[in-house]
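Two separate entries follow, structure 1 and structure 2, each one form of the same protein chain as structure tokens.
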Structure 1
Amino acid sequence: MHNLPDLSIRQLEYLIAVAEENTWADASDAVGVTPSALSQGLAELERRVGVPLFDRVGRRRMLHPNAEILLDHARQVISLTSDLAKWSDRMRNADEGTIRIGMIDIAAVNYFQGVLKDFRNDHPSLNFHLKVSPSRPLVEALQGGQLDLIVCIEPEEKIKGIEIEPLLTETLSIYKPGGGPLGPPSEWGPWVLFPESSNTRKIISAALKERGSSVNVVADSPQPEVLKEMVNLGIGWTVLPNVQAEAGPRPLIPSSILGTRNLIVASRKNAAQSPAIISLLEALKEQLD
């Protein structure tokens, strides 16, 4: 490619200013520099273009006909740059661009419902995507680049290329049909729990075993509402985050705390975060105060 002259945005602005203002002094005022800077800048512009641009008429300077072409160029470049500046402003205000986030149900429905709603209201022209699903698919989508930020259960081990940050700790309680005291762990159950693939299921199984309960599972579902319903129907006992179990139209009554699980936010390590993502992340953390 040709070796292009490095005409700076500044120099082009100078040119437009002298074309629009009456005197170079006015022009230098208009662009906010000293007359000296303007004079030197335009001399440099003329040198770089390599074509005479200005005539001297008395002590005034006038645009040479040659300058018309360059002036036209300047206006085009400035216009493009101005559009770009507007775009980057909107990007910085998270009013433009795409935000693709993932959340597990409890985060989207219970903890951050309000944050999500407010965020969408505050940034109506932002291209917004929310995927609600269990932690594992979320992590995979994050790794695959389909999502930029997820809120999920803390994974058992570190995942390569993924950066996590703790968000909150939830209490998991035991719920039995009708509520009331539990009795000895050996007599607990049977259980209605999250599926085996679930991270929370692993936490629950481990905790139950540690307490001395067998983990006799008669039904499973990834949906907490389904588990609740089964407890209400007397099919079995369950373990759920308190927030989920005790909310909604037919809440369960907790019998005892079994343990905790941690919610985290995760993003690809070293991935550049758009302002929109940063903004949402801040809102998530703020919600917890």
Structure 2
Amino acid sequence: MHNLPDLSIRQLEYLIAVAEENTWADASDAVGVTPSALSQGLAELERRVGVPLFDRVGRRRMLHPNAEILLDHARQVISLTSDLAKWSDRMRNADEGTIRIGMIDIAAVNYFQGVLKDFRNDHPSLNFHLKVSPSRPLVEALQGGQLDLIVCIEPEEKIKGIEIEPLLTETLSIYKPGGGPLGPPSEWGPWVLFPESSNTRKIISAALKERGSSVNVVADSPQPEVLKEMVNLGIGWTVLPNVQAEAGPRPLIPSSILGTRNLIVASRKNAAQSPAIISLLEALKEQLD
């Protein structure tokens, strides 16, 4: 069986240039080499193919009829190679594949809404999935492989197999109906807070007890908008991140800072991260900078 000649992409580009340009000088300009280098490359191509590719007409070299078959092959190869290069660029630029992100509501709506919008616009071919949920379900989905990256409240303890990186620290403030001074901690409340299972509720409860307040919870909700409205209706006091409580319709008036909570970004340890994940993570950090 005859071995296939070891042809180079560059030599095939030379052949196409000679076929499409008026002169060898124009062809050499088109591929960015000197006429001498072009001539040497085509001579090597002819040697490797083993059939004549050019005829001499006076001082000019013209394509031999044999070259037509190779020329068709060259155009197909160059076209496919161009497609491969574009695919490679898209992969490096996070434009292909699937990305599965999880965020708590404040991250998706308040802090990173613009980042997510710009990221999706910049990578239209990317299959992008966003899950907005409380921290605990996000962590469980990350552990189970349903999500690739999450932004959530820092967990109380380290989670096996999960790598975390701090993003930002939020201020948590006390809000009472109508605002104004708080009075002694023994008179604070009643409270409308996040569900008891949430990390933020645990942070709030610990801080309130440390200040000497009871934690008499008359209603709870995972949605800060609901807690805001309960305060506006006079049902109880609450503790919320400032960015959620003091924005939008019917904003609350802070009475005092209670404490802080940390937002982190988490991924599985030793996971082979796609370019899309790396690109989004960089965009999240740039937003905070």
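This structure is a prediction, so every number in the text was calculated from the model and none was measured. Between two forms, the rigid core is the largest collection of C-alphas that superpose within 1.5 Å. Each residue is numbered by where it sits in the sequence of structure 1, with counting from 1.
For the form predicted on its own, the corresponding chain is the one labelled structure 2. The Cα position of residue 251 differs by less than 2 Å between the two structures after fitting on the rigid core. The Cα position of residue 77 differs by 2 Å or more between the two structures after fitting on the rigid core. After superposition on the rigid core, displacement of the C-alpha of residue 278 between the two structures stays below 2 Å. Relative to the superposed rigid core, residue 16 shifts its CA by 13.0 Å between the two structures.
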